[in-house]
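Below, in structure tokens: the form predicted on its own, a single chain.
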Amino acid sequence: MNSDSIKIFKNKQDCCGCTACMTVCPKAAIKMNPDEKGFLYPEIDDAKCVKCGLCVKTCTFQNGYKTPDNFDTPLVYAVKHKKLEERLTSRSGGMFIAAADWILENGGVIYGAGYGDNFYVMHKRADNKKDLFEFKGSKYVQSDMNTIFSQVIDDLKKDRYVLFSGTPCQTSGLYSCLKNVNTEKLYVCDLVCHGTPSPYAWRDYLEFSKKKYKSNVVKTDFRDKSFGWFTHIESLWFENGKKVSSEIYTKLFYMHIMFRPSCGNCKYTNTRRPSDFTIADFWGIGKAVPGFNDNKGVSLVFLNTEKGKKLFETVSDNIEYKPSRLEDCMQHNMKAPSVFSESTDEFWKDYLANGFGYVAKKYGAISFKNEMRLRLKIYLKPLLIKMGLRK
């Protein structure tokens, strides 16, 4: 790299990997390349770069972000889709699907996190209900944005309705690319994000499971709702017909030990959301809106803009909803970034030297104690509920 080369960021904590810099580069001089953990970072081809600096100016993660004419305080609702099947196959209450269906009915397109080969998590485009289904459910991995921002721009220029969903750093990055684009038909939905784990950790967990059970993985669910909305149990289905449920990946996720470095420096942990509406699981629903929860999923919805409010009103016939108060539903990641484990650096040294199975055992994700606790969740708790001994 030349001494006068453009530097998009100085430290990895300053790059969220949103791809805005790559999208706006007038010379296509920027590519997103993975580091040793699988996180994507922009790299500049000096031979193509004209040093215009647009990539650096476009970075909202470093320069600050603007909200799309947000309300001073978001309107807050608890939401359940009226179709039970839509809720059961969604992560929370199905608000995203209610909005997405309206977009599709009006000839629009949806952008969300889906899967590539070998369950590689990536953003994709859907213009029909079948492809939309893949966007359902949480994916606890950083999604590869590839050329999605450019595709969104193309669809908007074709005067199509667009619904884009992603983490707040992704939605903010999208907005930074749209300065000369008519966004009248664009609806943006962000998520209350806990942090984005390593793509390679997810890849290696699947490979570890494949070897352990001697069969290819054919289906995944980061949070298997068959165990109830409140329970966080992951499930894998194998080619040999076996289904395995565990908390191995889940335990590592909640240890805050394999997040992207920028997650500890998140700029979006507040109610000033870079989106028209925000969705999350409505934890604390029992106290905030008594009688509304049935353990099949409730969406927490923030309406941040007039556009988001109008969309909500448009799809209101397909949802049940109750107003709530902001103070009754504030989650940690709407106040501050997740705090990384003190063992993060050691974890990655161990991981890079010894692989997924080693760190899963060393850091407690695989243990006899955890296995027994999981068995109790799967078998004993449902029995107690059926007997009326536990709610």
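All values reported here derive from a predicted model rather than from experimental measurement. Residues carry their position along the shown sequence, with the first being 1.
Although it is not shown, the form predicted together with a small molecule is what the next lines describe.
Check your understanding: Among the candidate residues Ser90, Ser262, Ser172, Ser198, which is the single one with a non-hydrogen atom no more than 4.5 Å from the small molecule in the model of the complex?
Key -> That would be Ser90.
**Study point:** in the model of the complex, the residue from Lys307, Lys267, Lys251, His123 that sits within 4.5 Å of the small molecule by heavy atoms
**Key:** If I apply the 4.5 Å criterion carefully, the residue I get is His123.
Check your understanding: If contact means any heavy atom within 4.5 Å, which of 205-213, 308-316, 186-194, 239-247 contacts the small molecule in the model of the complex?
Key -> Correct option: 186-194.
Practice item. Tell me, yes or no, whether Phe119 is in contact with the small molecule in the model of the complex, where a contact means a heavy atom of each within 4.5 Å. Key: Contact with the small molecule, no.
Check your understanding: Are any of the heavy atoms in Ser275 no more than 4.5 Å from a heavy atom of the small molecule in the model of the complex?
Key -> Heavy-atom contact with the small molecule at 4.5 Å: absent for Ser275.
Exercise for review: Please check if Pro74 has a heavy atom lying within 4.5 Å of any heavy atom of the small molecule in the model of the complex.
Suggested key: Pro74: no contact with the small molecule in the model of the complex.
Review point. Is there a heavy atom of Ser176 no more than 4.5 Å from a heavy atom of the small molecule in the model of the complex?
Key: It does not: once the small molecule is placed as it appears in the model of the complex, Ser176 has no heavy atom within 4.5 Å of it.
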